[in-house]
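So this one's two forms of a single chain, laid out as structure tokens and tagged structure 1 and structure 2.
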Structure 1
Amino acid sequence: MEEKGVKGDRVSTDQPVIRLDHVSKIYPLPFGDVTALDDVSLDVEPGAFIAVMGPSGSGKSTLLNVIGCLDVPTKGDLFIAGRNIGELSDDELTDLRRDTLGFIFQQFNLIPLLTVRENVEYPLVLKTRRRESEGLVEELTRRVGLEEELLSHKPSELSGGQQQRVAIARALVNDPEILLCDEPTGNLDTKTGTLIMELLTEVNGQGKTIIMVTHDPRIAEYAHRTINLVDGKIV
């Protein structure tokens, strides 16, 4: 990572790790534009745990995709870890996703061709270009509460809860500052969902900033703060 070192820009802890400054996202469609995000401004302090709620189609996923540098805002500025993402190239955005952001999806989204171990170490291999992880995979496996013998299995052989734990381990392997979770418990039963939420709370306690989209008010209770979106606006 060249130029303005990410870590260097965060000397003071109260500087927001995510800052949205009048961000809009408009999808142009043949029968009229869809405004998925409408002039959203938001500061997220390091270590925050934010739940994003709102009705279907209100723009929750869009917000997460924009923060996750998978989508670019139509209007407004977005800063992640002090960097203005509007100024970054596709490769730089990709590296930001790899090193600074961790993604946890409703569908788990593990890579079917790779074993559990390879899935967990994949972002690390991308970053370091080396295959050995010096015990990091084992440590993370323990941290997310996964049995070590599952490491050699393929994702398809695991239960939903186990797959989500693998996804969390994978999201943590490059020690990112931010975790983005889109309905992390949406495909899990209540009991497993609770266990996953306890794990995320623990990870948040270790200093990770978490933004989590959910429909479920009981899940939102794990967060410090809840943002409500309606028609692409924060209310």
Structure 2
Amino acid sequence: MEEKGVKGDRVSTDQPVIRLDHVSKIYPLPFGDVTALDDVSLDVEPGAFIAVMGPSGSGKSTLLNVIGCLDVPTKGDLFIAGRNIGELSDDELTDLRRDTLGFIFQQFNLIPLLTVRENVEYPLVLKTRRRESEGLVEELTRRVGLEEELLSHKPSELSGGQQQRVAIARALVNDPEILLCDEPTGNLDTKTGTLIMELLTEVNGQGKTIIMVTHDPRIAEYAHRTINLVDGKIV
């Protein structure tokens, strides 16, 4: 585990906002069990910016999915903001994912029948039951470098890079305390990737916790700390 360039007074003695306590994730398959995470323990302080690196198949995306409560640990405990995820009801987990966690997926996961505007504001609608975003959608799409005329387009009418930017704006719309990013610049050109990383740096500077999976050492340099995974273990 490598500590990198912690800026200013970023080091905090606060209770970890994320804690993995001897977490394993094992997938039972016909030809034998596959261990994606192997006894991982990790504390993440509020306001941290962590890059997760490792070879393909090392467990990076599984780690992100477990932290994001999209997957359940086979063994061990996961705590988010001091709450043991294993003790929460389905409704409580839904509220946690909606209100506390923001996701930037590698495959975008945009809703094909909705416009750009509708995709970005969808988490807000789930939270407030209102469509009026008071200019928030326009602000976020502008910040991620999307032209306003694209707001009425469907995802199929956008390039991969444009879809990625929509996904990032959608992840930010509910102002989550924790942002989980799976290769957030993987489909972007260098200029747009830099714009996105500057935006994530700004969001982190506002106190948000970011965990980012990346294969690119240049992108990992934006983080304050790098975690390396190999065969499901932190090395």
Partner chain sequence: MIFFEFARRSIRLHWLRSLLAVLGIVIGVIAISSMGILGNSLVLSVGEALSDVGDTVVVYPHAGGFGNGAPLQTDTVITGRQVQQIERAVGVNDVIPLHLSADRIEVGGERGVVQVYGMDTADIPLLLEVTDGVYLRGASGAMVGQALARTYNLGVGSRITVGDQSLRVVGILAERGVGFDINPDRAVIVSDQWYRSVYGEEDYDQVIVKVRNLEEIEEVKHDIDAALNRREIEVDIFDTRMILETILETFGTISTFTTAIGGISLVVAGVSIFNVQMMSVTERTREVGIIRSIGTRRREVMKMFLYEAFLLGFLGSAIGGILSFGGGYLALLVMLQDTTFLFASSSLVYIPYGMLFGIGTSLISGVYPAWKAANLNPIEALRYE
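Rigid core here is just the name for the largest C-alpha set that superposes within 1.5 Å across the two forms. Every residue number counts along structure 1's sequence, beginning with 1. Quantities reported herein were computed from a predicted structural model and do not represent experimental measurements.
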Shown alone, the chain in the form predicted in complex with the partner chain appears as structure 1
Requested in this report: Using a rigid core alignment, state whether the CA of residue 86 is displaced by 2 Å or more between structure 1 and structure 2.
Outcome: no
| message | Please state whether residue 72 has a C-alpha shift of 2 Å or more between structure 1 and structure 2, with the rigid core used for the fit. | response | no
CA of residue 97, rigid core aligned, shift of 2 Å or more between structure 1 and structure 2
no
Taking the rigid core as reference, the Cα of residue 155 travels between structure 1 and structure 2 a distance in Å of 4.4
